[in-house]
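Consider the single chain below, provided in structure tokens and representing the form predicted alone.
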Amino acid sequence: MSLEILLAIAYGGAFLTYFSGKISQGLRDGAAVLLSLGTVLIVSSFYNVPAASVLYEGFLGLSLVLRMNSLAWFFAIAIVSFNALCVIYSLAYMKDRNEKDYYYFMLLLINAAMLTIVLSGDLVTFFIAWEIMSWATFLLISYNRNGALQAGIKYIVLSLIGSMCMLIGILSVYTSFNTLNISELSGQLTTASAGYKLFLLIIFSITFGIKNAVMPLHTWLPDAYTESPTPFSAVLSGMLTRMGVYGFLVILFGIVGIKSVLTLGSGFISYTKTMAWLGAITIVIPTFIAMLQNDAKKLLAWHGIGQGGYMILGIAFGTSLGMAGGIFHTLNHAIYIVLLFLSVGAVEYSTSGIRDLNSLGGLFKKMPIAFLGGFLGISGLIGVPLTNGFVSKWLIYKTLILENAPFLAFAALLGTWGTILSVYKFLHNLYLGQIPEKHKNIKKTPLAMQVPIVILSFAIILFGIMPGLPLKVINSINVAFGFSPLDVNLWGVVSEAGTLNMLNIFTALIVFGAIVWGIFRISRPATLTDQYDNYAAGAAIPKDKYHYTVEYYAPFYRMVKPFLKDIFDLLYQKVARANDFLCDNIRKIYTGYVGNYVMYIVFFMAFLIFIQLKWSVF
């Protein structure tokens, strides 16, 4: 099957799903699921099958080109897979919502646009698809109106800034080289000066930095993730935001080239060092801001920013190991963050929309599948051994050690420490402790919501024990970019600097688990008690508060809250208010009274005469 047919199915499926909804809801739901699963199968068939074709000849004198390579396939299979799971999940979650035809149309349109981005062989196709994705994302972020509309406006304003930067870069490249074909540019750009290459990297880095929410370009993300419908929050956090990582990979190593990137600047002020430090800052600050959140989705949103820093940190060093870690972490983060959002969505569904961490608790017995997803999701987020997050973080940490970057390594470690503290609160306050009386008869989570959670939970363990499955594809991406190949096997990576073998770790943990289980078996048996027949600090726990650890981090909050303000968001808000004030005052000029306009013309003519008289004197 050709790439054009794949995109025709993706875009046509979005419209078909929308119009099917006008006939029957069941027909619409069936069409959305079948088309989503169909694109997964089609993209899967392109594995290790390079392809290229001309999508359209003569667009403003340019050719629109499609191509399938290892990088495109890696991102494409992730995009369609997560989208399919979120579509299935939406069948139950969105059941009682309004405008479902619009919702599914936008969800599938975004999927088609992301597919087009990764399949683009030229910068015009890339830009057009980027705009479709951005505007459709704005419309879906704004789905719930009110606060969601404000979040959508913040997103689209920053996206437009990024798009304008990309357009400037594209026009500059075309005037310099008379082509926008990515393969041709990768060869021709070698003749460009270092200053011009740096200009391109900076201008495109603004675009992709905004999409990947790299600090200080991150301010759109927390509100967008929080206000979106939860299945779309999963899509947004999973791969849509990581289109920024894809863009970085294309511009850094697909167009400018590895040798040029690594030689731009020197010492601390080099491009790669600056990028690495921005990644480190993006790890630390958002991770600790996440600790201050009591809204489950906003907590995950701030971790979405922080984890993006690990990806940038790995890629920035331009080594085989760092690239493997950064790209693998992009996939791993997508798996566990989508899983966590779907787990929170299940809690929302069952508790009629509650996601405040201080209002929940004890849902483990009522929602075991959601708890499983939450537990494995935070384990991957932390990087617990036998989860996928452990492997990609190991590769990144190893890179930092080998590249003699102790401060960056400490920043990455600090981010993991902060992650542990915040996600402990997330898991405990949702699923452990006492269940409030008002939640004892919550709705059962539908099968359509449980299936994606189980699949993603399995993926976390699968890629944690057998990381060689995705690393094989990532290795081929590295080779295509000009990096040395890694010695990858099913269980990990073999290198002179150290070997990662997940089979050995798996065996060791199984033995340790068996010893612990044996100790518990021969110990005194546990006695079951009523959940309210227990005490904390010598006092009985009240029924309206499941545990005193609701305020567990209160002393820490008092210490760090004054320092963990999003100063960039506050700065952007001040700029927006100043711009609003300026525009309001300029608008007062337009009174609608003809006499005023005549007066403006007279004053303007008088000003011109005055300038002419003064000019003639000189």
Partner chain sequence: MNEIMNLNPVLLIAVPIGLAMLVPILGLMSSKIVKWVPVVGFLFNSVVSLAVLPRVLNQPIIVKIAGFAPPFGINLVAGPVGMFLAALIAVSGFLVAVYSLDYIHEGAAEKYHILFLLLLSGATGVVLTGDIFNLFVFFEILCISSYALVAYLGNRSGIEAAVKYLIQGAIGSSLLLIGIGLLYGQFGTLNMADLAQNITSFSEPSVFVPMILMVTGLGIEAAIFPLNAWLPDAHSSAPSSISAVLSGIAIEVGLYAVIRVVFTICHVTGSFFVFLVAIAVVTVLIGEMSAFGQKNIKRMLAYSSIGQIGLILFAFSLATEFGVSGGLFQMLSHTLGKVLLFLSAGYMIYRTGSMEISSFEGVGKKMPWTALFFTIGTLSIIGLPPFAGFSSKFLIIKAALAKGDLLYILLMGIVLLGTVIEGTYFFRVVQVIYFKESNNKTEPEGPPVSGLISMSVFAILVVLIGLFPNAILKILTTAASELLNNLEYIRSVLG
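What we label the rigid core is the largest C-alpha set whose atoms superpose within 1.5 Å from one form to the other. Here the structure is a predicted model, which means the values were calculated and not measured. Residue numbers count along the first chain shown, from 1.
Note that the form predicted together with its partner chain isn't included here; everything after this is about it.
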query: Interface residue in the predicted bound form among S484, S193, T175, S352, criterion: non-hydrogen atom within 4.5 angstroms of its partner chain; finding: T175
query: Position in contact with its partner chain when the complex is considered in the predicted bound form, options N579, Q573, N48, S44, heavy atoms within 4.5 Å; finding: N579
query: Residue contact check: G152 to its partner chain in the predicted bound form, 4.5 Å heavy atom; finding: yes
query: 4.5 Å heavy atom contact, I23 to its partner chain in the predicted bound form; finding: no
query: L37, heavy atom within 4.5 angstroms of its partner chain in the predicted bound form; finding: no
query: Interface membership of V157, its partner chain in the predicted bound form, 4.5 Å heavy atom rule; finding: yes
query: Answer range among 65-73, 584-592, 25-33, 565-573 for contact with its partner chain, defined in the predicted bound form as heavy atoms within 4.5 Å; finding: 584-592
query: Contacts with its partner chain in the predicted bound form - residues in 83-114 whose heavy atoms fall within 4.5 Å; finding: E99, Y102
query: Core-aligned CA displacement of F19 at least 2 Å between the shown form and the other one; finding: no
